[in-house]
Structures are given as structure tokens and as C-alpha cells.
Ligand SMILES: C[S@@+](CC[C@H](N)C(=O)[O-])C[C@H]1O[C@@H](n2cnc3c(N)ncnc32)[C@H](O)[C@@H]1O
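The form predicted on its own is given below as one chain in C-alpha cells.
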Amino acid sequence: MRTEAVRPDGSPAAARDADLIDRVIQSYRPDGPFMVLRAKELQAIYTQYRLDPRMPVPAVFAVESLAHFLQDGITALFRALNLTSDSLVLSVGEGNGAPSRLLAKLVGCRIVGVDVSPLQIANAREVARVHGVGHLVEYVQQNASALDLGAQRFDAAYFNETMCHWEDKLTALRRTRAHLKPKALLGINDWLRGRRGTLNDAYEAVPAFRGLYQPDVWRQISLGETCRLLEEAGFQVLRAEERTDLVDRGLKRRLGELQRLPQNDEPVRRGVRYYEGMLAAHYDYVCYGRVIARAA
């Protein structure tokens, strides 16, 4: 007989995961606290600033994504995976699809991006067409801990700034491992627990952070804990790097760029508020790390 896991308070663990997923979905939506721009809104910005979304330039990526590692940090992750145009790549926790679109433009490989939010998946598909990479990217709506892509096996995989939301990280890692070819590489950029706690704690302790996301959507762990979970899931950790100082400098630079733009522009104002809030939480409530691992 199957026994369902329970929380210490007696409620089903599955219900807890479902509640978390709902809060995450509500955080990342066009009318939510986190700025998610739809294809029509992005196209208007590209036109205003004379940007070609088909090009893999930092200005395009900065418009469509609030990824804290910025384009340089994500392209560094891609380089570590030794990808070619023949690679089939899995991205779990894809969000709005910006990393997969960038990878498609840089390398020309095929990517399957998985995300739990139907809103993010629908938006990613539309924006991929605007970027001219709709033929290279496929988006699938699934929860990471229930990942099931049938018989597909991938040459590499990456998680960009997403494990920090996952309730059952070990199961998600095991399911990812099951979809990788032997010796395939996995790259992770993630938000880690800070010196005083997680961003759940920052929601009360840091006024500038409050309201950027739904409450209680963070499940950050340390870099060491990430490595231990990877090994338990069947990966060999090749390297683990602390990246907080580098991310902090990058976001301060990005904030300065936005502050120099006209503040009557709503996306600019929201971007300034977002980076101010996140920077106020750095070190104490969020740190950053990168891990490269190999499927054992």
C-alpha cells in the first residue's frame, strides 16, 4: 500500500508542493509582482530602442529577462556544457524562456524547456517566434519533481535560477538524471541561502524586497547541500563555484543603467524597484552559486 509523505503538522507533502507551485505561478505573471513582459510588449520595446530580437546581444537579453547572472553568467554556463549545434539540451524550470532563446541563437542547438507555469510556457512560445528561434525550442508544462518526457534522452541539461523554488529537489534531480545520456553534463546557476536565512525571511526583514514576489516561494539551500543532493541523485560534481560577489557587481551595474533611463517608462521604473529590492537582500538573504556536474 502506498503511504503519502506528510509534513510535521500532518498535512500531505503533496498539498504543500501544490501550494508552493501556485504561489510561484502567481509571482511570475504579467499582472504579478515580478515583471513578466509579453511578446507584444517586448516587441514595442525592441522597436523603441531599435533592437533586433534575433541577435544574441546583451541589450536584447536585458530587456526580456531579469536573470541575476545576466547574459555573461548564462553564456558561461552554456560554455561549460560543451554544446554544439547537434546537441539536444534539457532546461528544467525554464521560466519565460529567455535562456533557451539565447542558447538557440548562440549555438543553434535544439532545446526542450520545461516549466510548471502555463502562463510562462505560452509566453515563451510566442516570444520564441519573435526571436526567430521557434523551430529550435520546444516548451513543455511539467513540475520538475514529476518530470516525464518519455524516452527522450538529452546530451546536456541546465537549471538557471530555478532550484531555489523546488520543494523536492532530490526527486527533480533524479528525474533529470534519468533523461540524460551517460556522461552528459548538467549546469546549474542558482540562488543560495544567505548568511541570515532565505528570501522568505527577507520578506519581513528587508522593506525594499517586500512585494517583489509572493510570500514563501523560496527553498534556497547552500552550495554544499546542492552538491550533496547531486551526488545522491547520481551525478559527479566536477566543480562548484561561489558567484555572489560577481552577481552583486553585475546587478549594481544593471541598476545604474536603468536609473539613467527615463523614469516615466513603466518597465524601467519596475526594473529599478526590482533591482533595488534584490540588492538590499544580497548576502544576508540570498547568495549565488554555479555547479557543473556529470551524469555518473
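This is a predicted model, so every value here is computed, not measured. Position 1 is the first residue in the sequence shown; the rest follow in order.
Unshown form predicted together with the ligand; subsequent notes refer to it.
Contact with the ligand, judged by heavy atoms within 4.5 Å in the model of the complex, is confined among 148-156, 176-184, 113-121, 193-201 to 113-121. Looking at Gln214, you'd find every heavy atom of it more than 4.5 angstroms from the ligand in the model of the complex.
Proximity of Ala144 to the ligand in the model of the complex: non-hydrogen atoms within 4.5 Å are present. In the model of the complex, Phe235 stays away from the ligand, with no heavy atom inside 4.5 Å. In the model of the complex, at least one heavy atom of Val24 sits within 4.5 Å of a heavy atom of the ligand. Scanning 140-169 for heavy atoms within 4.5 Å of the ligand in the model of the complex gives Gln142, Asn143, Ala144, Asn160, Glu161, Thr162, His165, Trp166 in sequence order.
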